[in-house]
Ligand code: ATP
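For reference, the chain that follows is the form predicted on its own, supplied as structure tokens.
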């Protein structure tokens, strides 16, 4: 069960943790994802240990540590934004909410602690003693690493009934590592997929975001569908499976969405999510068959679904708005004869801060449709977007402001000031060269007289008094 492992190099500060416990006669092991990633030679940040020392004894060894949870986990600050977490051996029971154990007691052996873990590749422990590294692997996790398999520890149904989030975590690990899910473990996910409804939206969102940010996001999303989890998480996306498109499309909506996601150049999980669901309105709006099939206003319907998903997964107000904009306005044209005014309108719809994300989404959309990443029209469109952004965009970009309008015309604050600025902006929007302070001040009396005259002429005549 214990094997020497000389190739694994441990940082000095981690060796010191081992030595500090061992000097006091305590057992201490590195466990979980840290061991897995060390064996895979992958970068990681979290160092998790388990020990037979109780929390108070751990804190005595590390006075700078803190402890405020029922699981006995003691956190030791290591460096900036990096901590070590040490948890006593423990056993768990009675998972009434399919997520958290109702009963926790300290265990006596490492084996008791490892058998409660989710997957074999996470149930490996590492020891360091007398300058030698050893591996404790009771569930053959190293063999599964070699086979590139995600396998539940012991009975997969029991593991998923203990914590239903583990089903989603299996798919997340698969998409991060490029591993397959062992057949009995996958069958247990399919059988128990409905338990995911017991998990909080925030925890589901966090795992979903990790899948989207992973090395193989499209494969992860496809696993969500074949495991039946997608049916409970995003049924609106599942509905895209097998939905044929018009003749000029070579893929159905589902395949196109996955290929677009796989091709998305952005590492941002929200942009990747927008790429995945950009056509989510098509199953609802599909009309006709074959070459005549249409999806009119699918971006409008899709944007409404995006709002719904934002609420479902508890996105922040800012992220919800970003997602809505990216889905709502993804169906833009790059036709070379557009006016500058049309381009400015597009930028206002999307938001300057989201422009680059939208262009990356379009790149993914093109690749996902079987096209080249770009075209001369798309490149020209990008250049024109950059050029037009140098021109005035909003009233705030005018060379005069409301205070100057009131001072020049001797008028008080009120709606009329806004109307004057709006009229000036429309003029500048048509001809950006007019955005000069001297010119705008000269135009003020003219616009003022026009607005006053217009307001007077639009008033209904007063009725004659008897």
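Only a predicted model underlies this, so the values are computations on that prediction, with no experimental measurement involved. Residue numbers count along the first chain shown, from 1.
Beyond the structure shown, there is the form predicted in complex with adenosine-5'-triphosphate (ATP), which is absent from this document and is the topic of what follows.
J.: Residue 404: heavy atom within 4.5 Å of adenosine-5'-triphosphate (ATP) in the predicted complex?
T.: Residue 404 lies outside the contact set for adenosine-5'-triphosphate (ATP).
J.: Is there a heavy atom of residue 166 lying 4.5 Å or less from a heavy atom of adenosine-5'-triphosphate (ATP) in the predicted complex?
T.: Taking the distances in the predicted complex, the answer for residue 166 is yes, it comes within 4.5 Å of adenosine-5'-triphosphate (ATP).
J.: Is residue 45 one of the residues lying within 4.5 Å of adenosine-5'-triphosphate (ATP) in the predicted complex, judged by heavy atom distances?
T.: Looking in the predicted complex, residue contacts with adenosine-5'-triphosphate (ATP) include residue 45, since a heavy atom lies within 4.5 Å.
J.: When the contact criterion is heavy atoms within 4.5 Å, does residue 33 count as touching adenosine-5'-triphosphate (ATP) in the predicted complex?
T.: Yes - in the predicted complex, heavy atoms of residue 33 and adenosine-5'-triphosphate (ATP) come within 4.5 Å of each other.
J.: Can you say which of 366-374, 265-273, 167-175, 240-248 gets within 4.5 Å of adenosine-5'-triphosphate (ATP) in the predicted complex, counting heavy atoms only?
T.: Stretch 167-175 is the one.
J.: May I ask you to choose, among 122, 354, 222, 310, the residue with a heavy atom within 4.5 Å of adenosine-5'-triphosphate (ATP) in the predicted complex?
T.: Spelling it out, the residue with a heavy atom inside the cut-off is 122.
J.: Scan 330, 117, 298, 205 and let me know which has any heavy atom within 4.5 Å of adenosine-5'-triphosphate (ATP) in the predicted complex.
T.: Checked against the cut-off, the match is 117.
J.: Of 202-223, which residues get within 4.5 Å of adenosine-5'-triphosphate (ATP) in the predicted complex if you count heavy atoms?
T.: Sequence-ordered list has one entry, 210.
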